[in-house]
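What follows is one chain in structure tokens, specifically the form predicted alone.
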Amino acid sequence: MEIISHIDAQFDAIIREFKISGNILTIKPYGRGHINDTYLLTNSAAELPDYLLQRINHQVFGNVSGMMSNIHRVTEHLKSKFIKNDSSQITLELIKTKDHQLFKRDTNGCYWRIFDFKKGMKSYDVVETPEQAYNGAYAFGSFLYFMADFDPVSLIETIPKFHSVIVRMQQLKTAESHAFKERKDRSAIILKEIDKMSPLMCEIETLKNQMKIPLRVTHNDTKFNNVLLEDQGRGLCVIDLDTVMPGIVHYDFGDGIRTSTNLASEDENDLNRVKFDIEKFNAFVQGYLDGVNGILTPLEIEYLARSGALLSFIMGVRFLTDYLNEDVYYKISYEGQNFNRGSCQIELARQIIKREAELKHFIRKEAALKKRKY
């Protein structure tokens, strides 16, 4: 494998460590992820694969080895399941290093990995149609279904207490107590709204802690741009597997609802534009129920309607925590972006809660119509 000479020496040295095919012609930043740095490696030969090179944020993911082991075990399990069941779904392929490792640490202490790049597929930051919502949801539901026989406790927690409302509220309170007055004053109204909503948002976590809801292998970051759709619109590949670990279905379903039903951008500064799209919600429900193929328990089904509000609430709390902490976690492109992000998420949660009875009725009806074993 030869690296084209004009590629930066730092990338040249890293890429040479991995078992890739052909010659890398260009390298350029790819995507808009908040955490890791991602680069598209384009092959000089069109018939050979392109690749995604990522620098892992090891400040966020402290146990890089454990995380990469999770990803490898899960992708291998999914691959075997997809082949056995003749599924339309596909999975990411990890490219190993020449010494058969899953990642490479460079001389500066940075961690690198490479995946294959899925040509002919794309992700969407905003869901454009109900059909897209259905197809993306089907892929996420299929992920849960095909991982159902994998022991969740055999995976490490890549970010402990990742979706714990209680922990996230504690972090917010700590950030508020140390925040500069200007940021605290700007956040005062939204912080009062969060306190008001908090008891309702803790119910699902209570059921989890009481083991009334089963622990599953969950993706835990099912924002809609973490599924790849083909040109015809079918959702085929779930990506960004860093947070795959033990969890509950409401984390995945809820984050999908959070990111597929909001008509506004994530950092919209006019909350009047934040609108919950019921048509896309309905399509997402139908796709997800088809994907999970009857494995959910009655109690899991009962709380799906609230999970969209739960994950919007959690993300709102996290964005506002980072804003109060002077933007140390999420990448920002302008001052106040995390405040806007947090405010949008809390407004979306409020709208979903307001319609919970209606949403629950639709989910129950769809479960009955599909004649699943709920």
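Quick caveat: nothing in here was measured; it's all calculated off a predicted structure. From 1 onward, residues are counted along the sequence shown.
Omitted from view is the form predicted together with a small molecule, to which the following refers.
Asker: So which of Glu193, Asp116, Asp277, Glu230 gets a non-hydrogen atom within 4.5 Å of the small molecule in the predicted complex?
Answerer: Of Glu193, Asp116, Asp277, Glu230, the residue with a heavy atom within 4.5 Å of the small molecule in the predicted complex is Asp116.
Asker: Would you mind picking the one in Gln89, Asn226, Ser187, Asn135 that has a heavy atom within 4.5 Å of the small molecule in the predicted complex?
Answerer: None of the others qualify; the residue that does is Asn226.
Asker: Using a 4.5 Å heavy atom cut-off, state whether Gly31 contacts the small molecule in the predicted complex.
Answerer: Although the small molecule is absent here, Gly31 would touch it in the predicted complex, with heavy atoms inside 4.5 Å.
Asker: Would Gln171 count as touching the small molecule in the predicted complex under a 4.5 Å heavy atom rule?
Answerer: Output for Gln171 is no: heavy atoms all beyond 4.5 Å of the small molecule.
Asker: In the predicted complex, does Ile35 have a heavy atom within 4.5 Å of the small molecule?
Answerer: Ile35: contacts the small molecule in the predicted complex.
Asker: Report whether the minimum heavy atom distance between Glu300 and the small molecule in the predicted complex is within 4.5 Å.
Answerer: Because no heavy atom of Glu300 falls inside 4.5 Å of the small molecule in the predicted complex, the answer is no.
Asker: Heavy atoms within 4.5 Å of the small molecule in the predicted complex: which of the stretches 239-247, 208-216, 193-201, 171-179 has them?
Answerer: In short, 239-247.
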